[in-house]
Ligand SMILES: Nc1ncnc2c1ncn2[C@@H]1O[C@H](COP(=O)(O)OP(=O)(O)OP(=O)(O)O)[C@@H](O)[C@H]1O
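For reference, the chain that follows is the form predicted on its own, supplied as structure tokens.
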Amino acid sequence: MSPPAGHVMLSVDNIALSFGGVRALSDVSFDVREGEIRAIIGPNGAGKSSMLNVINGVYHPQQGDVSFRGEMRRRMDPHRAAAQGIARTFQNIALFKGMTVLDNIMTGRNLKMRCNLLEQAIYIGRNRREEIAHREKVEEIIDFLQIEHIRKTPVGRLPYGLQKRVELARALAAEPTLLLLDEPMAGMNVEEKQDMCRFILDVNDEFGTTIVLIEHDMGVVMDICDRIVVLDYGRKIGDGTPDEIRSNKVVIDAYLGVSH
């Protein structure tokens, strides 16, 4: 798979992040092109999730800058990041377990809602029309991810793999231009991983969504990603296409397996 020729959507430059005396990221730089699937890989503790948290504003780096769609910034809060089109799923599922699948996905439309609290309380006029429009969008996502049969089921009753799919649906409900996926296939069996791979590729192809994902399954990463950045102990040790990463001796020794 060759990398797309899209413009640079996201650029992280010389990012350094510390927690007390612990250095999570050290002088990390890479970019993400519009329309690509970009992977961040590395051993546990390499700084992968910290990097996603920097991108969507959960963490504020002590050094470096993040540029999204040409806008340079040092500090970003998650609400503003979401408003600009950055959506996120988490390594540990963060859903409302007592709510139905449909209601969980509807929460992803929150930033798209324009009615005030009074209009929402009385549920007439503009609010009613707005909610119908949002519900239609959510139903499209439910159909797209093939979860119609569980739409009225409380999320807490679902198996792990389906909960992961619901979390993806909620992120898609925000209509992101950049989707951050933190270990979307962790804990899944082979069949569930195959389904999730297909959905990620379809989101990228049919919606045109740019995707950055963290994933430990190297078969998955090599099959579906256009480019890969490799972190180890908070430092970047590799960056390139799957073929380039496969043949990178530093990456092989540190992560993929001893080169000899």
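What you are looking at is a predicted structure, and each value in this text was computed from that prediction instead of being measured. The first residue of the sequence shown is number 1, and the count goes up from there.
Below: the form predicted together with this ligand, not depicted.
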Look up in the predicted complex whether residue 69 has a non-hydrogen atom within 4.5 angstroms of this ligand, and give yes or no.
no
Contact flag, residue 46 vs this ligand in the predicted complex, heavy atom cut 4.5 Å
yes
Partner proximity in the predicted complex: residue 204 to this ligand, non-hydrogen atom cutoff 4.5 Å:
no
So, residue 167 and this ligand: in the predicted complex, are they within 4.5 Å at any heavy atom pair?
no
Which of 189, 91, 146, 110 has a heavy atom within 4.5 Å of this ligand in the predicted complex?
91
The listed residue (56, 26, 50, 209) that reaches within 4.5 Å of this ligand in the predicted complex by any heavy atom is 50
Counting only non-hydrogen atoms, choose the one of 37-45, 61-69, 194-202, 221-229 that falls within 4.5 Å of this ligand in the predicted complex.
37-45
Heavy atom within 4.5 Å of this ligand in the predicted complex - qualifying residues of 9-26
19, 22, 24
